[in-house]
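Take a look at the structure tokens below, where one protein chain is shown in two forms, each on its own, as structure 1 and structure 2.
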Structure 1
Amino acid sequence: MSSILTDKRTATLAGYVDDRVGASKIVKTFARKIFPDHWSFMLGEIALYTFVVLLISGTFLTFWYTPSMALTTYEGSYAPLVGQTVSEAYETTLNISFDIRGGLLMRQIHHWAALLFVAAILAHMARVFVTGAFRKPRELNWIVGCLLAILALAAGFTGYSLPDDLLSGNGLRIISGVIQAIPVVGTYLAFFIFGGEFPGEVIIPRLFILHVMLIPAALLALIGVHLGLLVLHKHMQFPAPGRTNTNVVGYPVFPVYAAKAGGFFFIVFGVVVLMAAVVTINPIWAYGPYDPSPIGAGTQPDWYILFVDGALRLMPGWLGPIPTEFTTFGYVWSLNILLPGAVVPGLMIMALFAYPWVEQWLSGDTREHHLLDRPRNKPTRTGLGVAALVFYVVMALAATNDLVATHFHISINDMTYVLRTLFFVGPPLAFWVTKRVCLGLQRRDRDLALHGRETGRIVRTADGEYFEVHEPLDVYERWNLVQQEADQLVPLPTGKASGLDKLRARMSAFFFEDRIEPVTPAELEAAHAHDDGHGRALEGDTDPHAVSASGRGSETGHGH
């Protein structure tokens, strides 16, 4: 009796709310939204959940942190720093670490989550790139994703500087140097940003407000857009039998994904807390307060900025007899800092933004795509992706040159020469190797689809002929190997071709000329007719003796 009453009350309340908000329609549609399943689709989720962890732990930290560069004498619990002159920002960060209950754990949660956040974004971007998930209609969401990645770097860097410790202060010094290297306006910009000569007294409060307000707000807004577009476009799926460009095969949000995503959030949170509880991150008490005169050996930025630091370390001050820093008309041109510090990262970001349109232009493909590519089926794209990663890793490795040198007993000079060479040679080499591997895998797929799996069983016919039994794939498996479309080159237009047309045709050939044609139904038919004997031989395979006894082998072709 009472339960009926409760139900009635709930229904009345729900009805009241629904009449005014109209939520039931949205909830119904969204709850039945179908999402496909694959582990690689959860990389973006890792980024999302670490962001939530960052918001929660970051809020905790702001309760005790003072963004001020005013000087004070440290009198807290960490003995080796007592009595030293430090900034309030540094002092309060030390207090969070040593005098606030749970503070150090929260700091470590925040920092580990930040490193994981950027790592998950990079992994997610790599997945989206190699599977072609950026193609129409998702190009705009690729742009939103790139903006999110840049904002994540900005959030990381501004946060890294806030404790005002020696390590991050040296990082800021490098940034101020890069800003000063911008021709003509650089010194003005640096004075504007730092409120005078470096380090000044305003940079920490300025970075703080960017870190806790502007950047998280922009991140939140763009995450909203990113997820909104995801729901609007529907999630892409890997090709499989029954999955087409016009459907989505998977499970509904409610209850399956709601439970799974909720569970995964707690797994991510758990892993972050475990890392924070067990492993030190950014021990600012060891680095000491910032002061422009000292520096520690092994000073590096957090991992995602390593590539900029590495590019700076690789850049020579002289190219033969030509200095890379010189003065003309009273202006200093610091190309030794400008090229690696600003131009290289700038070009990388531009290439990232432009890629979906470049590929569309070269393939002439303006259709919508909702099925993912298997990376091997797009050898050039996959090759470019790996080349870009190698480029990034070579630069990041260059930033760790001092640690690599001491730990592997290598001369730091030799390492610099090797990495300078790899800076130019590594990416093309990686591209070539990856492309060849992709083409090889495609050839193997083609072979598998046409002739089946080699079973390793050798059969001798009555005539003494030997062949290996090939087991045909089942149709579900085979579908995955034959479903892709053939790549098309953009031909030179008939009649007069402009320079741009020629460039387009040449680049299109670079992208799509080397390819393995997908298996056509006719080819499959022909292969099966050819392999028929083997197919029949298989049917009698339950008893191996029966094969040779029947003597049917005489009419079969041999294996491939």
Structure 2
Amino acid sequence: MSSILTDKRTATLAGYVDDRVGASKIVKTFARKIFPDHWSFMLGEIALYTFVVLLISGTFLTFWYTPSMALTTYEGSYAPLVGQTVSEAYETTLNISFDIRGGLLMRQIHHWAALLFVAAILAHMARVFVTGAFRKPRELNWIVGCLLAILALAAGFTGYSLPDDLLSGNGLRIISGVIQAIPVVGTYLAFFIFGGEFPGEVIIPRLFILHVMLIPAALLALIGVHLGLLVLHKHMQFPAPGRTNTNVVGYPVFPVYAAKAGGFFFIVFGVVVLMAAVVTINPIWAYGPYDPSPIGAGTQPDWYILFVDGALRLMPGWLGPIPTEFTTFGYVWSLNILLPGAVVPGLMIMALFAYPWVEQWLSGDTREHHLLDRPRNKPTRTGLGVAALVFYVVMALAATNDLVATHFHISINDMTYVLRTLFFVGPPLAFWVTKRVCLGLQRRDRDLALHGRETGRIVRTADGEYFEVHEPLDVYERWNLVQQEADQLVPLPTGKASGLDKLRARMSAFFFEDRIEPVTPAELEAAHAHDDGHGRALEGDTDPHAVSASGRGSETGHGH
């Protein structure tokens, strides 16, 4: 009887809510939402799930952490530091690690989740970039993703600085130097941020407010916008038979996708906990409290900030006959800090934000796209992505030059000269190699589509002709090799033309001139007719563009 009454009350409450907010329509619409299935889409899910882990573990840590730079005497459980003068921030972080049950595990869960959060966002953005998922109508979602990546870096750095240990203090010293290198206003800006001469007494409380309130709130808002735009525009999908710009082939949210996503969340959570339980990270007790006078050798920031540290180490004191630090009009211009510490990251961020519109301008393609590109079919774009990766890796290696030199017994100066050379030579070389590889793969795909797979079996005909028997491709496999569209170049303007139009034509040629034309239906038919004439018929041939999908859900229309 009580269960019946409970059910009635629940139904009454549900009806009350539904009458006022239309919850049933929202749930019904979302439950029927179709999502495509591909392993690379899990990169975005990893970012989302690690963010949830960060919120849970961060909430735990705030209960015992004190964001204060006031000095105190440490009297905790870690004997080597007992009696030393430390900040309250450092003391409470040590207490969390040694005196709070589960505190060290939760600290390490938080730190590992932060590293995976940034890594997943950047990997997700790399997938979006090489597959062209940023094209119309998703340019704004690309901007949201870039903002999320920047905020993730900011969240990581502000959290990394909170323990007030020697390692994080050195990082803040570098940031202070970069800020002071800004011409004219740098010194005043640094005084404002640090509340006086470095390190001041307010930077830790200010970073704490940023880390636990402002940045998480902004991340939550942008994640909501990102997911809302995803639902509005439909999820992009990889090309396959039956998948078009007007439908989505995959699984509904309920029950299939919800069950898979829920299980994947616990897998991610379990992996993070396992890493935190067996791999030590950021042992602040080994570094000691921050003191502006000493600096430790072999101290590197977390991996996502390595490129800034590396750029600073690569910057020479002279650019040919010109010094990179000089005084003009009473102001010191520290280009050796400003260029690598602020200009290089700024140019990288600007390039990320602008790329969708640059490619659209160079291709002249303003259509909506709901199918992803195979990276090999866009060799220039893929080459640029690999070049950017090499650019980062070179700077990251430079940030570890002292460790590499001591561990492998090589000259740190020689290593610096080599990395300076690779800073300029490595990205163009990586671009050229990647582009050649992509074009070679396209040629291979074209040959497979026209003639099938080589078997290595040689046959002799009655009139003495020899040929190799080719194995026919599965019709679905062949479809993936012929579905892409040919890139169109912006033609060189004739007659009088502006310099901008000429630049557009030249850059369009750089992007799209080197390409392999996709197989046309006429070429496919001619190739199979030629094979038939030589006794090499490819069985099971049908029009690859006429194959339909089956066995999965599908939703149509651009607005779903």
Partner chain sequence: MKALAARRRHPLATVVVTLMALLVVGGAYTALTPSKAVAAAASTADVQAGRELFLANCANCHGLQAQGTDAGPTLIGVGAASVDFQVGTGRMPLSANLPQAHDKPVQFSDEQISQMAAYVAQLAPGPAIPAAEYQEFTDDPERISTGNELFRTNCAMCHNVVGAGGALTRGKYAPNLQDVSAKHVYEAMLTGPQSMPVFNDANITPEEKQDIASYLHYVGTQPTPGGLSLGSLGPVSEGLFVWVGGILALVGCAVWLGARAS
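The term rigid core refers to the most C-alpha atoms you can superpose between the two forms while keeping them within 1.5 Å. Numbering runs along the sequence of structure 1, starting at 1. Computed from a prediction, not measured in an experiment: that's the story for all the values here.
Assignment of forms: the chain in structure 2 is the form predicted alone, the chain in structure 1 is not. Comparing the forms between the two structures on their rigid core, the Cα displacement of residue 322 reaches 2 Å or more. Annotation: Cα of residue 492 displaced by at least 2 Å between the two structures, core superposition.
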